[in-house]
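Single chain ahead, written as structure tokens, the form predicted alone.
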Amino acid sequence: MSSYSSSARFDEARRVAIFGGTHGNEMSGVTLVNLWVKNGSEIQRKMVDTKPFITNPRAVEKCTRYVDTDLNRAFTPENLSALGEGDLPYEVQRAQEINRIFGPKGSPEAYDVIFDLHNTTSNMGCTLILESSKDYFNLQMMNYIKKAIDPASCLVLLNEHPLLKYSTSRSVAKHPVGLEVGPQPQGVLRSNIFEAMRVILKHALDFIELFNEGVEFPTCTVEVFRVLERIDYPRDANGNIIAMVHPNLQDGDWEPLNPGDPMFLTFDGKTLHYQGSGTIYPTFINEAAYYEKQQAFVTTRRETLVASAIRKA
């Protein structure tokens, strides 16, 4: 008998996709998806059609992040509607194809949930990436996962910053979920990272199965780290990097950075300190893929979100 008269109602999540290889050198997702393409029994659940899918096969073949442009930034309205297919960058062509298969983005026909599997060279551990603080379905799922793997840690990164949010491959779905697990070098497969990703996917799919069966999830709170700002490396007048992440900050993802704390170390040995007005929580610290994006780390603020109770419509 239900006691959640004010529950938010969502349609059953019957169509689910698991993306690997959005970045072709992030090997946990590539390997898991290839494994599940051959034998998907591990990811099947009652009343759920789960499709494993390699999103950027050319990049996977070359073991590189991308071929022409970053696929995980390619799902803009302009790219998805661009004409002249043969003349478009490979990843834009691929974005259009993915949108045809799993979307169209923003439409009632779009897939219910897409999990996009990523690795980071940063010391982030297991991180779920949330694109909207109002997506109560995803918040409830993330709360379920966090409790299921406790005492292991899985943090939630919320990116709904109007200038820093980007057009991800998973954004095609009604409920997009990013999963970032590290540290793992590009082109390398580490067993502990592989298994951590696998376990989180198991619990995520369990949640969807329970929801589809009619289980109601009561109001809950979820701690998140909200993206605030992208911090670049110090540079000279010609744009060349002149400092590294300070040893005190290196590998300190999610740890508080307070005003006056060391932040960068110049090549000639000078320490540059954090000059902000309050405590922040850096993450994606010294991520290898973000040198080209002029990003040393992102800053976040710790918040607690309230997720409404949810039930099947």
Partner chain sequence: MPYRARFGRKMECVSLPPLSNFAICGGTHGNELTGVYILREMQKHNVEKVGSVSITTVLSNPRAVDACRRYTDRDLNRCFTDDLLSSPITESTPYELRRAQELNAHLGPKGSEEAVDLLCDMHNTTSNMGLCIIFNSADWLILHICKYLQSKITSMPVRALQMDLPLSEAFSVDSLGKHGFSFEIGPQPHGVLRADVFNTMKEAVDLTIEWLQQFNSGRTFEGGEVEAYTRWKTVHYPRDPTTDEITAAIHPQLQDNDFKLLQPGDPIFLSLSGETVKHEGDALYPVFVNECAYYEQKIAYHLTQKSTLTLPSINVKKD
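From a predicted model like this one, the values you see are computed outputs, not experimental measurements. Residue numbers count along the first chain shown, from 1.
Just so you know, the form predicted together with its partner chain exists too; it's not on screen, but the next bit is about it.
Whether V60 contacts its partner chain in the model of the complex should be assessed with a 4.5 Å heavy atom distance threshold; does it?
Looking in the model of the complex, residue contacts with its partner chain do not include V60, since no heavy atom lies within 4.5 Å.
Does its partner chain come within 4.5 Å of any heavy atom of S167 in the model of the complex?
No, S167 sits far enough from its partner chain in the model of the complex that none of its heavy atoms falls within 4.5 Å.
Is there a non-hydrogen atom of S191 within 4.5 angstroms of a non-hydrogen atom of its partner chain in the model of the complex?
Contact check for S191: yes, within 4.5 Å of its partner chain in the model of the complex.
Give a yes/no on whether S132 approaches its partner chain to within 4.5 Å in the model of the complex, heavy atoms considered.
No, S132 sits far enough from its partner chain in the model of the complex that none of its heavy atoms falls within 4.5 Å.
For its partner chain, considered in the model of the complex: do all three of P247, Q250 and Y291 come within 4.5 Å of it, counting heavy atoms only?
Yes: P247, Q250 and Y291 each sit within 4.5 Å of its partner chain in the model of the complex.
Which one of L228, I101, I241, A148 is close to its partner chain in the model of the complex, taking close to mean a heavy atom within 4.5 Å?
Selected option: I241.
Among N159, T121, N143, Q96, which has at least one heavy atom within 4.5 Å of its partner chain in the model of the complex?
Filtering the options by heavy-atom distance leaves T121.
Given the stretches 84 to 92, 178 to 186, 203 to 211, 151 to 159, which is the single one in contact with its partner chain in the model of the complex, using a heavy atom cutoff of 4.5 Å?
Comparing against its partner chain in the model of the complex, the contact stretch is 178 to 186.
Can you list, in sequence order, the residues from 12 to 49 that come within 4.5 Å of its partner chain in the model of the complex, counting heavy atoms only?
If the 4.5 Å heavy-atom criterion is applied to its partner chain in the model of the complex, 12 to 49 yields T31, L35, K38.
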